[in-house]
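Only one chain is shown below, in structure tokens, and it's the form predicted alone.
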Amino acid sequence: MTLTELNQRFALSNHVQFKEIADGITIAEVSNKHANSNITLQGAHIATWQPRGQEPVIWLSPYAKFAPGKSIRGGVPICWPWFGPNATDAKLPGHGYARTVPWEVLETKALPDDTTFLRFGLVESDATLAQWPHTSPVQLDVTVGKTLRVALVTVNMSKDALVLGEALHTYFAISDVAKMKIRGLEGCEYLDKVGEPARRTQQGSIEIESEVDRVYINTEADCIIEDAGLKRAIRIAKAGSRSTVVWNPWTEKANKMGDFGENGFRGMVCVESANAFENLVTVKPGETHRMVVEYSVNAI
């Protein structure tokens, strides 16, 4: 669908316009009385969300690259249909292919409370089917308002049960990593992926002073990012998710990535709602699996 056709069919006055921001990269520019948000059609990738009167809540690197087939540093990348390396073929892309392939717009509408709803569907191709040879349509529902509600929906239309790994790899904007802590995972077991892999139990709130890459398992708890610098708390409330990933690459790893910028890692933290490792989801034929997350902000 061309840009003109997209706007003719799905643009909404005072809510949604479609624009091309780079060669081959189109965004849905969402604006209503509650918030602004940009979503790329590649990967159905929520790049930004900023409630009115607030600092940005979703972090996007100023050095993020927007190019066909390339992942975007920041925002809300979709990890699907596996999390981390593929279990049987190490040559396949880490975290799956969903975040780097085209999605199509299926629906847009303005809701009575002036929030904005958008629905995207992953476009299957020979390349995606070669990696995931199953009939399992996946959609992303996004509601932009005072809160940001995101639902990743997988339908198993094949004859066999599917084992699914997934995550909303959300980057949150913070004042400084030294001025924030994460609550909600106290007492949870986690798989520590920094250094020699280990299984540990979280003691108290999470404070970050070095590289952190942890998969908290068997938890459906809300998480709260308390940011003393911005005097706000970001709540991550989820359903259909049994894992939570906390990630910050710290200095050395961020510098190697090249798209963080100097000390960019200090202004972000990832708190990802997921189903990973021993919390993989089995979706039976004919069933639908929904992972739903809602982000909200309050002053502290």
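The first residue of the sequence shown is number 1, and the count goes up from there. Everything numeric here is computed off the predicted structure, so don't read it as measured data.
As for the form predicted together with a small molecule, it is not shown, yet the points below apply to it.
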If you check in the model of the complex, is Trp80 within 4.5 Å of the small molecule, heavy atoms only?
-> no
Is Phe66 close enough to touch the small molecule in the model of the complex, meaning at least one heavy atom pair within 4.5 Å?
-> no
The small molecule contact at Lys193 in the model of the complex, heavy atom, 4.5 Å | yes
So, in the model of the complex, is Ala239 in contact with the small molecule at a 4.5 angstroms heavy atom limit?
-> no
Assert contact_stretch over 180-188, 150-158, 104-112, 163-171 against the small molecule in the model of the complex, heavy atom within 4.5 Å, equals 163-171
Val245, Ile58, Ile39, Ile234: which sits within 4.5 Å of the small molecule in the model of the complex by any heavy atom?
-> Val245
